[in-house]
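In C-alpha cells, one chain follows: the form predicted on its own.
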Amino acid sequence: MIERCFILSFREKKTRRVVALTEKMVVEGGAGDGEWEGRWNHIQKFLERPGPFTHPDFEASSESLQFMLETCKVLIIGAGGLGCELLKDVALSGFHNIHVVDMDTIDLSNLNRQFLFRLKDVGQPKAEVAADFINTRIPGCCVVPHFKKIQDFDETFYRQFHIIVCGLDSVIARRWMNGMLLSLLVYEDGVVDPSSIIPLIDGGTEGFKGNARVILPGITACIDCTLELYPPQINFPMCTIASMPRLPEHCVEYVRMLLWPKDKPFGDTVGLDGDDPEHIKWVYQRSLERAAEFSITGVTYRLTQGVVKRIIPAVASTNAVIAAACATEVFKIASSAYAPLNNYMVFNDVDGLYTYTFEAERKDNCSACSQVPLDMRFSSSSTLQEVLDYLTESSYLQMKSPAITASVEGKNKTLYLQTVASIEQRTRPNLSKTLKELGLADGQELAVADVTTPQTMLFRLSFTS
C-alpha cells in the first residue's frame, strides 16, 4: 500500500512540474534542440498506450516522455566499468538531465572495459571525460560532472534528484549513500511521507556475477538491512603478514606495507603506483623472495598487481547486463508505466546462465532505517575494546573506524575516536577500561559515528548478569 502511495506521489510531482514548464523542444516532428522526427518512437510505444504488463494505475499520455526529457534529474554515482554503461543506457533512454559523481582518474588498465575513455584520457577525471563523451555523442543530453567524493556534498545537493543510481565497487560508499537518503526522509506520525522518498537503484558486478536492486528508502529493505550479503573486504592481520605468512597474498602485502616504505626503491617521495610496471615488477620480485623464504607458492605478476590495486575482477558483458537492468528500473520508476523490481535481482553466468529475483525483507532492527536505538548486550565488566570489536566485526554492522560517545554525569564524553591522531592518543586508555569504570550504566545510550554512514547511530547498552 505504501509503495503504491509512493508511485502515485511520484506521478503527481511529475505532472505538476511538467504542467509548470513551457515546451522547450518538439517531441514529435520538428527539429528543436537536436530532436528529429521519430527519435523517441520506441519509447512512446511504452508511454502512450496501455498494455497487459503496464502498472494498474498507469495512464497513457505524452506527459511522461516530456517529464523524462525536460525535468527528471538522475544522479549516477560512479563512472567506472558499470558507470560508463549506466550513463550510456540512461542517456539513450530519454533522460537528458544527468549528473555523475566520481572521485577517480582514468588508469591505463580501465580502457579494456570503460568504453567512454581513450588512451589520450589517461590521468584525467573519469566524471569529466565521461560527461563530455556523452554530451558530444547524444544530442540534447546534458551530463554535469562532479570530480569529488560523494561525502563532499550536503543534503541540498542530493535532494534535487528524482532518482539516484549507484555503480560503485565500495560497500562503504553504498552504505553512506543509503544513510544520506534515509536522512532526507520526512515522517508524519511515524509514517514516512512518500514525497520525501528518493529511489536508490544499486548495481554491482564481480567477474561473471552481478546484482541489481531497487530501494525505496523507508519502505523497502535498505543496504544495511542486507549487509550480510556483501562479503567483508579482506584485510590481513599485520602479525600474520610480518611473522607468519601462509598465502601468496601475505607476501605481496608484506612488500607493499613494510618493505616499500622502508626501502623507498624509487626515491623518498615516490609512492607505490599500481599502474607503473616498474613499481609492480619490484614488488613482484621482492614478493617472490619472501615466498621462497617461507616455501609459499603462487606469487605471480598478475596476483601482485591485483593485491596492490585491490582489483575486483570485471567482465565487460556482465557490466552491460547489470547496467541495462538498472537503466530499465530508472525508466519504470520515472514513467510510472510499470511496477519496479521487487526488489533484488541476481545474475550469474559462471556456468550457463542463471538469474532470479527475490524480495529482500526489511529488518525491524536495522541499524540504518529502523528509527530505534539498537540493543547492545554486554557485561558491565566488558571493556570498551570489546564493544569496538563488536562494531567492526559484526556481520550486520561492519563498521570501519567507529567513534563512540556517551552522556556521562550530564556531560557529553568522547570515549574513543580513531580518526584524529591527538584524540585517539588521549582516548586510547579507555579501550582497556570496563564499561562500569567508564561510568556507563544499564540502559545507557551510546552514539556511534562511522565513515559508513553520514548519520550518528544510537545503541542502547543492556547489561547481562
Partner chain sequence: MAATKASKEQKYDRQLRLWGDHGQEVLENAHVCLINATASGTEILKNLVLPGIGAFTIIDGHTVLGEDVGNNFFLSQNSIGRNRAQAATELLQELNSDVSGNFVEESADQLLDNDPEFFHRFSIVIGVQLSESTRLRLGSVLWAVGVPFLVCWTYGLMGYMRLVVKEHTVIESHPDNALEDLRLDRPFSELTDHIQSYQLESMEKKDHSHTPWIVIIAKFLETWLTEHDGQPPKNYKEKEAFRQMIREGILKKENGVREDEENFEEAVKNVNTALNPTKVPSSVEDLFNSEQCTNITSQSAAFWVMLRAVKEFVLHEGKGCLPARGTIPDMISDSQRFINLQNVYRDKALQDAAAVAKHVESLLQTTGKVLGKNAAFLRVVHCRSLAEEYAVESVNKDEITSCMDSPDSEMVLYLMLRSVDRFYQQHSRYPGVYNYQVEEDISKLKLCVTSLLQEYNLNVSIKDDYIHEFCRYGAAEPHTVAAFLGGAAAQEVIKMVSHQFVPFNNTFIYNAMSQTSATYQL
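Superpose the two forms; the largest set of C-alphas matching within 1.5 Å is the rigid core. Remember, predicted model here, so these are calculated numbers, not experimental data. Positions refer to the first chain, counted from 1.
What follows is about the form predicted together with the partner chain, which we do not show.
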## Note on the structure
The one residue among Arg137, Lys149, Arg377, Arg159 placing a heavy atom within 4.5 Å of the partner chain in the predicted complex is Arg137
### Summary
In this chain shown alone, the residue from Arg113, His279, Arg362, Arg286 with a heavy atom within 4.5 Å of the partner chain in the predicted complex is Arg113
### Task
Give a yes or no on whether each residue among Leu108, Ser317 and Asn348 has a heavy atom within 4.5 Å of the partner chain in the predicted complex.
yes
### Query
Of 167-175, 68-76, 182-190, 204-212, which is the one stretch near the partner chain in the predicted complex, taking non-hydrogen atoms within 4.5 angstroms as near?
204-212
### Query
Though only this chain appears here, would Pro261 touch the partner chain in the predicted complex if you measure heavy atom gaps against 4.5 Å?
no
### Message
I'd like to check something about Thr357: if you look in the predicted complex, is any of its heavy atoms closer than or equal to 4.5 Å to a heavy atom of the partner chain?
### Response
yes
### Query
Do Leu247 and the partner chain come within 4.5 Å of each other in the predicted complex, heavy atoms counted?
yes
### Message
Although the partner isn't part of this model, could you tell me whether Val270 comes within 4.5 Å of the partner chain in the predicted complex, counting any heavy atom of the residue?
### Response
no
### Message
Pick out the residues of 283-303 whose heavy atoms come within 4.5 Å of the partner chain in the predicted complex.
### Response
Phe294, Ser295, Ile296, Thr297, Arg302
### Ile296 C-alpha relocation of at least 2 Å between the shown form and the other one, rigid core basis
yes
### Query
Comparing between the shown form and the other one on the rigid core: C-alpha of Asp154 shifted by 2 Å or more?
no
### Query
With both forms fit on the core, has Gly204 moved 2 Å or more by CA between the shown form and the other one?
no
